[in-house]
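Below, in structure tokens: the form predicted alone, a single chain.
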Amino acid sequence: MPLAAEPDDALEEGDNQQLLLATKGGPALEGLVVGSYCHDVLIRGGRVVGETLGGAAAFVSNVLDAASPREEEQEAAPFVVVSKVGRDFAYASEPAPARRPPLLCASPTTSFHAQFSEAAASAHAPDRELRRVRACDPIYPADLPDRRFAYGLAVGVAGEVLPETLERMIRLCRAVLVDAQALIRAFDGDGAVCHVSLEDTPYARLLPRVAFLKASSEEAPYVGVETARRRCCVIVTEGRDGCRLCWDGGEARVAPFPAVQVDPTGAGDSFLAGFAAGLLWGLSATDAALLGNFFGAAAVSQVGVPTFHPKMLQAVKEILEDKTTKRSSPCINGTTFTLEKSNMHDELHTALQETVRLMSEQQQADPANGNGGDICST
């Protein structure tokens, strides 16, 4: 699938920086993540049960730091986060995943209340009611760094990624991956989350210049998958059923990984970041979706931004190094993407399933880990 990223005439030739950064596993690529950190308040049965760091930027950063190919001596994967918070931001001193300083503004930090039902949810029905109670300033095109990036992730959750900001990202990045919630979310007078048709938004005209658009099964009807797939590759996440990739002329289903759901917050963000990491490792899009499913499953098993066990991450790294040794460069830096399954797809799924078993054993041995690393007691 060809990319339609355009050169930005506003950048001088001398300002362009190399996209390739030498790493042990092959060339690493600098990315751009656009989306804000949030305050998430978790409510069950009318009672506040926790307050956590939220926002897609937090979940995406967490997975990219964990799963991107890089040199062993590097402290973090090479990507920049552009987010906005107010001076009330409660997690500024956290070492991770909010280690990349956000932009401070006069408005308060975006805050969501997540009301959970006592009953277990089905595989597809939403099991929480989201309400935005505070909204930070949006991210403007001028807030983005004035240089080029290999890839970008537009991951707004509260309308903070403006159409003109996404267009600027497309001009700065060779490939842009977008979460549909950044485009179709709307809020009623009480702050409750609702959706609008993508075709009725200013974002629709930008789809042919986007590489991948991710939507949940709940969001898919508003995206209009059959129309959108003719403009870019659409990935629909389907919870316990895994996900499916749809593009003009093809479709593929990708198997899920088992998980005990504790908190669904951040599952889609973690999926998209895992998917991007798979592309960075040189996987085809359908193979990369396995890594997306893996990290999506890992995210729901903890409250808030998850903490990944070092042994699990080491196992994933070894699997990817073994499966990608013959690939010369990351797919995400090419002018086209390979979308179909490779002949190692089933082997990769089996290997990652074994890692899921390790993760499950670790959680059983340390139940406290299920609370996540960034939760405030109330």
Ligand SMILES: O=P([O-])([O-])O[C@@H]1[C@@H](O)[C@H](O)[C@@H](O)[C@H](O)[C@@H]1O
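All figures in this text were calculated on a predicted structure; none of them were measured in a lab. Residue numbers here begin at 1 and follow the sequence given.
Missing here is the form predicted together with the ligand; even so, the following discussion is about that form.
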Where does the ligand sit in the predicted bound form: which of 262 to 270, 101 to 109, 226 to 234, 163 to 171, heavy atoms within 4.5 Å?
-> 262 to 270
Work out which of C38, L29, L64, V34 lies within 4.5 Å of the ligand in the predicted bound form, going by heavy atoms.
-> C38
Of these, V157, A285, V85, A277, which has a heavy atom no more than 4.5 Å from the ligand in the predicted bound form?
-> V157
Heavy atom of Q181 within 4.5 Å of the ligand in the predicted bound form | yes
Any of the heavy atoms of R128 lying within 4.5 Å of the ligand in the predicted bound form?
-> yes
May I ask you to state whether R185 is within 4.5 Å of the ligand in the predicted bound form, using heavy atom distances?
-> yes
Taking heavy atoms and a 4.5 Å limit, what residues of 38 to 59 are near the ligand in the predicted bound form?
-> C38, D40, G54, G55, A56, F59
